[in-house]
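A single chain, nothing else alongside it, follows as structure tokens in the form predicted alone.
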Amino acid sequence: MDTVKELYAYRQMIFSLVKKDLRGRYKGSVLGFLWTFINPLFQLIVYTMVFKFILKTSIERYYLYLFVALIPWIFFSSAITVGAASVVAQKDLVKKIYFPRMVIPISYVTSCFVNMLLCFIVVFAVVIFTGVGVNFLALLTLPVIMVVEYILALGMALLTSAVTVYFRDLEHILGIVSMAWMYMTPIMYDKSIVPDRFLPIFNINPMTHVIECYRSVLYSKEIPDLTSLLSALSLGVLFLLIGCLVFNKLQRHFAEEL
């Protein structure tokens, strides 16, 4: 509770760091903030060409099927890979002034989350202009899905950002883990093609349930089975608790290690 109170006292700093990260993400580039939308669109085009025209997937409206899963995955992947180096990246700030160090990974994950919300503008535009339409009752569950994913991402970012200060190789290891994790999550394909013997592994993966819920709302226009998110939420809360404990223990010597 003391940690929560301290973080609340520094809420303005979190807000400032989020705003700074969003403004500085594409600072100096010609297209600037438009890269927020261009990056996922280019990934969508590449994956669609490969899976729709080369590997010949039979999924109807594959562009939408992929897009509603790709945007949440980009947020999650960024939170655990780049987020792992967030404390190291702010080493000058850590050495100069006192503030709860947990502010750094929280602000980074939050800025990634805001970036995902902005990308969903493109998702809704695609849904509306292609005539797919939306189920407004199903949309009411979207914030719940987003919160579960945010908790999961934040828990992992707290844990990895603290450990990376002492073990810098973790940042590179997480890049490989993230790539493998993406292919073990039904983002570019349907879970129905997974052999039965591998299904238990896919069901343990919390992002499988998160992605399927996003698809239920935005692709199938159905109210998702939110009970399937319980495992993802449980793992998210577990990682959040472990991340907070590890972070609080390791942050004492951040300045010396950095």
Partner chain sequence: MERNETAIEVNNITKHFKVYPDKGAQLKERLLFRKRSRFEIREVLKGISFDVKKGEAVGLIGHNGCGKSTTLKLLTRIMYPDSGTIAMHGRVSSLIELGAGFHPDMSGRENIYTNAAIFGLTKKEIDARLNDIVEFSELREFIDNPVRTYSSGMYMRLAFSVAINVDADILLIDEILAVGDTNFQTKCFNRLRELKASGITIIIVTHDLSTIEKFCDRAIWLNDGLIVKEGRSPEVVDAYFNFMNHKRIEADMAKQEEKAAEEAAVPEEVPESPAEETEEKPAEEDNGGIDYSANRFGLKYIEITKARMIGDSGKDGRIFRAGEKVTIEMDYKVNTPLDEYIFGFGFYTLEGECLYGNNTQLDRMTVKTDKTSGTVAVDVLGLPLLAGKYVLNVAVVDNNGTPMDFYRNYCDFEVVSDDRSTGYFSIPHNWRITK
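Because the structure is predicted, anything quoted here is derived from the model rather than measured. Positions refer to the first chain, counted from 1.
The following text describes the form predicted together with the partner chain, which does not appear among the structures shown.
For the options Tyr166, Tyr183, Phe124, Phe136, the one in contact with the partner chain in the predicted complex, meaning a heavy atom within 4.5 Å, is Tyr166. No residue in the set Phe42, Lys52 and Lys221 has a non-hydrogen atom no more than 4.5 Å from the partner chain in the predicted complex.
In the predicted complex, Phe129 stays away from the partner chain, with no heavy atom inside 4.5 Å. Using a 4.5 angstroms limit between non-hydrogen atoms, Leu93 touches the partner chain in the predicted complex. Shown alone here, Cys244 lies farther than 4.5 Å from the partner chain in the predicted complex, counting heavy atoms only.
The partner chain in the predicted complex is approached by Ser16, whose closest heavy atom lies within 4.5 angstroms of it. Heavy atoms within 4.5 Å of the partner chain in the predicted complex belong, among the stretches 152-160, 78-86, 110-118, 97-105, to residues of 97-105.
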